[in-house]
Ligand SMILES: Cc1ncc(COP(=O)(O)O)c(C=O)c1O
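In the block that follows, a single chain appears as structure tokens, in the form predicted alone.
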Amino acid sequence: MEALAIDGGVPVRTKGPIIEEDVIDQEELTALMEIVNQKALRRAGATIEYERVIAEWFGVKHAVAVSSGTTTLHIALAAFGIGPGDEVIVSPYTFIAADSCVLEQNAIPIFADIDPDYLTLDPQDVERKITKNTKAIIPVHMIGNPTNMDAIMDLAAKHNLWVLEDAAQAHGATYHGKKLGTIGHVGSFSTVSGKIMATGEGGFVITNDDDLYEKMWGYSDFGRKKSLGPASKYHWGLPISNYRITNMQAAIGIQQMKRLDDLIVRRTENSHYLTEQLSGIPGIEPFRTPPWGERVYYYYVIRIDPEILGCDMLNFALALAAEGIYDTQYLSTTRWMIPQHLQPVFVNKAGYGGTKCPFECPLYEGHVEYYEGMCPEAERACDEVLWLIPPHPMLTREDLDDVARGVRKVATAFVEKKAKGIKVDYATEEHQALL
């Protein structure tokens, strides 16, 4: 057995772990400097052009570029008219923004479990969670995998529900040939650094619904009414919020949209190669593409089998880190998932102003509790799904080979340790505290 680096052996990689990296070339720098030289930094012409390019690429009527992927979710729910007493079905395996956006409308997040094969909402559990108070569903196309949208849209039509597609990790993925984000009533995207396309901070929504577009535009810009033109500055008809993107971000976004197809292809090539190299490693399972669509690769994740490997995911990650493969800073970030229904904000029903509203509110006719065991597949995924590396376009074949060799080395050693009755226990209290 080759000695693991964490046991004193020679590490596979000495360059340092692979980290998120955006593709920013001369085109982005030139476009940004043009905006700076024009001294037109706030939302203006470049943003309007950016929104036109987005809408054209997705084949939709409207796009609104805003300050973040988080704000895209808020303005969409606001446009739907979601409010106190309403329930919105959300995913327990995602980033907090896709669930906490419901609280911003003083509505109640209701968690449905996930499909263990694809990490997306399980339509059968969604149906079980629908009540008379349900007003919307937020399917999250996790790690670039398309949700089973026909099943979601059928439920929405049957119960008269809004559908907000969270495609923050799925730019360019398709469902039966349709681009994700174009199937529900609104599609939501993030362009924060590390995403498939990036503007530093930022996001956008897309829709074919004229009324929703007008409302989302208004919620992003002080409640103004776009159709009124300049006079709208004196006609506030919506609660006031400011989620505007800047011309600087938009200028970068235009260039990123131009190269988006290539970015997707290169991420896909890297991921497919890595899947081939990881094939057959005991205790390691790469994720498959759903039969109903084509995925993209925001992140490359694997599922580990603790029974085969004789260890938990934390010890596996620490051994990979010693080999120079895994970045331990992700132990305390969004790359180490925690079931959202077990987050303190939900378990403790922490509302605005030190209250328990909207969870316990006179306008809410239901009752909700959040507890361990309510979404078992999501909870299991958080224990077994390791966010391995971002398969970004800057990676070389040597980088990918290092990752595959590191995973194979650690997995093989752990299987042998288990067979010999050697306990794997590298995690300290400090490591545990980061989770």
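Keep in mind it's a predicted model, so treat the numbers as computed, not measured. Residue positions are given as counts along the sequence shown, with the first one as 1.
One more form of this protein should be noted, the form predicted together with the ligand, which is absent from this view; the next part is about it.
Student: Can any non-hydrogen atom of A76 be found within 4.5 angstroms of the ligand in the predicted complex?
Tutor: Contact check for A76: no, nothing within 4.5 Å of the ligand in the predicted complex.
Student: Would F95 sit within 4.5 Å of the ligand in the predicted complex, counting heavy atoms only?
Tutor: Result yes; F95 sits at the interface with the ligand in the predicted complex.
Student: Evaluate G69 for contact with the ligand in the predicted complex, applying a 4.5 angstroms cut-off between non-hydrogen atoms, and reply yes or no.
Tutor: G69: yes, in contact with the ligand in the predicted complex.
Student: Look up in the predicted complex whether P358 has a non-hydrogen atom within 4.5 angstroms of the ligand, and give yes or no.
Tutor: Judged by the heavy-atom cut-off of 4.5 Å, P358 is well away from the ligand in the predicted complex.
Student: At 4.5 Å between heavy atoms, only one of the stretches 123-131, 301-309, 107-115, 164-172 reaches the ligand in the predicted complex; which one is it?
Tutor: Correct option: 164-172.
Student: Taking 4.5 Å between heavy atoms as the contact cutoff, choose which of P146, G184, P339, G202 touches the ligand in the predicted complex.
Tutor: Among P146, G184, P339, G202, a heavy atom within 4.5 Å of the ligand in the predicted complex occurs only for G202.
Student: Tell me, out of A251, V140, V88, I245, which residue has a non-hydrogen atom within 4.5 angstroms of the ligand in the predicted complex.
Tutor: That would be V140.
Student: Which residues from 175-211 come close to the ligand in the predicted complex, meaning a heavy atom within 4.5 Å?
Tutor: Heavy-atom contacts to the ligand in the predicted complex: S190, V192, K195, G202.
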